[in-house]
Ligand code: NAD
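Okay, so here's just one chain, in structure tokens, the form predicted on its own.
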Amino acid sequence: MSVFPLFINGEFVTTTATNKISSPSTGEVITEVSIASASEVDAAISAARAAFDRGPWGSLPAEKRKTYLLNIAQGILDNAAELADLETRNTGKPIKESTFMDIPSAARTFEYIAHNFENFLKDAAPKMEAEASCRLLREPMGVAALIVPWNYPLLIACWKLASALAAGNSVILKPSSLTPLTALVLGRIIHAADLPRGAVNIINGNGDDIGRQICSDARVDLISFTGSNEVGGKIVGFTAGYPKKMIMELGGKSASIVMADADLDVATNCCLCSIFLNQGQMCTAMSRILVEDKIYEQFVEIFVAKAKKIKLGRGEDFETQIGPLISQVQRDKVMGFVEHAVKEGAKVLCGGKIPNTPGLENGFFFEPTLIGEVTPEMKICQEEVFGPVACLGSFSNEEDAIRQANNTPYALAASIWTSNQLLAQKMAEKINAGTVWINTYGMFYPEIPYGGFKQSGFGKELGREGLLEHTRLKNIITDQSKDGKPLVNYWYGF
């Protein structure tokens, strides 16, 4: 069995310490991956620092950076079949999702950023009084540490990497130790694209072991993290000694609001997708479904009937609609939420169990689940489950719906389903969330910034705003006084 290497300073590094990667579908070991020790982490930081400070990367012309980004995009497309297969085997997600969503979207992100970042970096000079002029200059932050979660290993890595590189930063990419495979293959693609040594470094290891080292190092200028609130809090603590720019995309407890005038068939289909896609392991999962009381019973009947038809199976099977959860630990966590909800008085309307389907015994499968008779204060309505579990509530009018939607510590996303566009726009303005979809769900575009409020984090990914998060803004002020003697000349002019 070959061991996946790290990628440090333009070279592939195989270490004696490794960790085994198992398939969530079968529990079987599929490969081994090198683990970075403290010395390898230090080497990666040193390489990134040197590439930015003394190497060509920090001062590379924009046109050259564009070429590198496009080469990476093409490399992803050229290796799409391998990447999709690895993503599915590593995460358990259905191969259809990896093939038709994750991999093409990763390439498209690089393409869009490559074609637009130069314009994004231009800032119009402010109007000044006659005695001075000002030029605004966007500069890279320096060394960016990009920490990626296990649910979308390649896609989120590319979201972060494309913007960080386009802005001119050198990078240390740290994938989740549960799902490092496609990120490490991305190192091979970057190597083939012939980026300067040290511009991108990819290391693998347990977050508790190497996260502190990366985040507390004074040589790192920016941290972009996507993951749990618990780990996000640790990262903030790690940076206390050397504060640095941070982008945090954390948890969510998003609400899908179904009005009585919505197309009920479309709304139920899309609500199914919004909570069961990727086994519900999404920050933007619509884990709370709020239905207007006039159609509540009808919605429940349709939703439950359709949920029971969803095909569970191994990710590699093209007929699979829901694969396994990422690990036994995650499945135990999801089961614990369901059991606690029942103890609090909620009712399982469908699912809620480990399936007994032949052939799935060794995977981490969990049935698509709908929980009814919940109250907003219940744990399952307030905390992120990160699994295929939806809470179903009702509301009497739009004000009630907005109040319930906003009644969590999170503010990441929401969906509104109605035929009344004017009402939908007014409601969207009142919902406390970074993204609100109207009559759709999960449409992510590289052109549009993404990120949440409250406990869902801060900063943006994607779009112009996401790119600018990876820069610092400098103003250069030049004296324009007619006699060459600015006003300050006379302050202590003796």
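The first residue of the shown sequence is 1; numbering continues from there. None of the values given here were measured: they were computed from a predicted structure.
Heads up, the form predicted together with ligand NAD isn't pictured, but that's what we're talking about next.
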property	result
Candidate stretches 341-349, 381-389, 357-365, 161-169, one within 4.5 Å of ligand NAD in the model of the complex by heavy atom	381-389
Distance check, residue 244 to ligand NAD in the model of the complex, heavy atom within 4.5 Å	no
Touches ligand NAD in the model of the complex: residue 231 (any heavy atom, 4.5 Å)	yes
Heavy atom of residue 212 within 4.5 Å of ligand NAD in the model of the complex	yes
Contact label in the model of the complex: residue 323 to ligand NAD, heavy atom within 4.5 Å	no
207, 252 and 450 all contacting ligand NAD in the model of the complex, non-hydrogen atom within 4.5 Å	yes
Listed residue (150, 337, 299, 117) with a non-hydrogen atom within 4.5 angstroms of ligand NAD in the model of the complex	150
Partner-contacting position among 416, 283, 371, 271 - heavy atom within 4.5 Å of ligand NAD in the model of the complex	283
Within 4.5 Å of ligand NAD in the model of the complex: residues from 166-187 (heavy atom criterion)	174, 175, 176, 177
